[in-house]
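Okay, here we've got a single chain as structure tokens, the form predicted alone, with questions on binding and movement later.
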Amino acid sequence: MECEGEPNEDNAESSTAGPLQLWSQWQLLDSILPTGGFAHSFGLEAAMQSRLVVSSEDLKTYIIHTLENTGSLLLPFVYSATISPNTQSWHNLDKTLNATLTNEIARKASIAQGSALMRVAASVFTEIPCLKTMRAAALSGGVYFHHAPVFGLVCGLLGFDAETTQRAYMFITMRDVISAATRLNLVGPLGAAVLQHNVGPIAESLSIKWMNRGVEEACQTCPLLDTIQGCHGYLFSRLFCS
């Protein structure tokens, strides 16, 4: 597949993927993929220590608000990168997101995960050689490798449709927050599975609400969570990077 193509309109309209695409989709969603997502709690650790999250109901509310923020702020970048998976679009989205993120903790977490994802994608999906070329060129400077645009870029080059890509991004966010809650002993493994199943329909409705929007519509809907995450660096003891 060419790197420098026109906007991926066919992908945006397609509702199905071929068998090989499905294997790649599953691999991108697999927790074994070493992209560093499990090193981050999306501010949950700071929320717990600040007593914002105490009960199981608090945890569910926090996850829903995190998904709302993800949908409103990051899905536009995922969507734009997916429908236009080329170098110029990626670089513009990357710079715009770097200027949009409002706290240093979230910015560093996004860069760390995006850099890891781009490195893994270039090594794993060798059928798309331009991923390696784009990464090598970007390493010379000027690119931050924010996670949302990289995720959209990789999915777009792999031929995924835009709606599947946006749902996948919401899913990995939900998965990682619930995984962090398990390791923070806020919920047990079985309770985490039940929680994920219960939040699924809400995640779907939020995905539909914020799907297919341009970056000019990106916004914060739960600024308190952003503020809490920004306090992570001041915690006396921490299990997560963010």
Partner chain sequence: MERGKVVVERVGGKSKVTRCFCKYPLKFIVPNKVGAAAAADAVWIYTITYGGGIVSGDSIAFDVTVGDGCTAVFTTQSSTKVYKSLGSKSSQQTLEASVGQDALLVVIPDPVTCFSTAKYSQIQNFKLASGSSLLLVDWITSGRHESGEKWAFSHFKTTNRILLDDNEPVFLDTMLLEQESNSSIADRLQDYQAIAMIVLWGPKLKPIQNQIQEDVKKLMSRQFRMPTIGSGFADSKLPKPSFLASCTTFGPQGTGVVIRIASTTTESVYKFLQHQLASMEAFLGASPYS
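Positions refer to the first chain, counted from 1. This one's a predicted model, so the numbers in the text were calculated from it and none came from an experiment.
The following text describes the form predicted together with the partner chain, which does not appear among the structures shown.
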### Message
Within 4.5 Å, heavy atoms only, one stretch in 164-172, 93-101, 135-143, 78-86 touches the partner chain in the predicted bound form. Which?
### Response
93-101
### Query
Can you pick the one in Asn212, Asn198, Ser56, Gln27 that has a heavy atom within 4.5 Å of the partner chain in the predicted bound form?
Ser56
### Task
Determine whether any heavy atom of Leu33 comes within 4.5 Å of a heavy atom of the partner chain in the predicted bound form, and answer yes or no.
no
### Query
Taking heavy atoms only, is Gln49 within 4.5 angstroms of the partner chain in the predicted bound form?
yes
### Query
Do Arg107 and the partner chain come within 4.5 Å of each other in the predicted bound form, heavy atoms counted?
yes
### Message
Check Leu22 for me: does it contact the partner chain in the predicted bound form (non-hydrogen atoms, 4.5 angstroms)?
### Response
no
### Task
At a 4.5 angstroms cut-off on non-hydrogen atoms, which residues of 210-233 are near the partner chain in the predicted bound form? List them in order.
Trp210, Ala218, Cys219, Gln220, Thr221, Cys222, Pro223, Leu224, Asp226, Thr227, Ile228, Gly230, Cys231
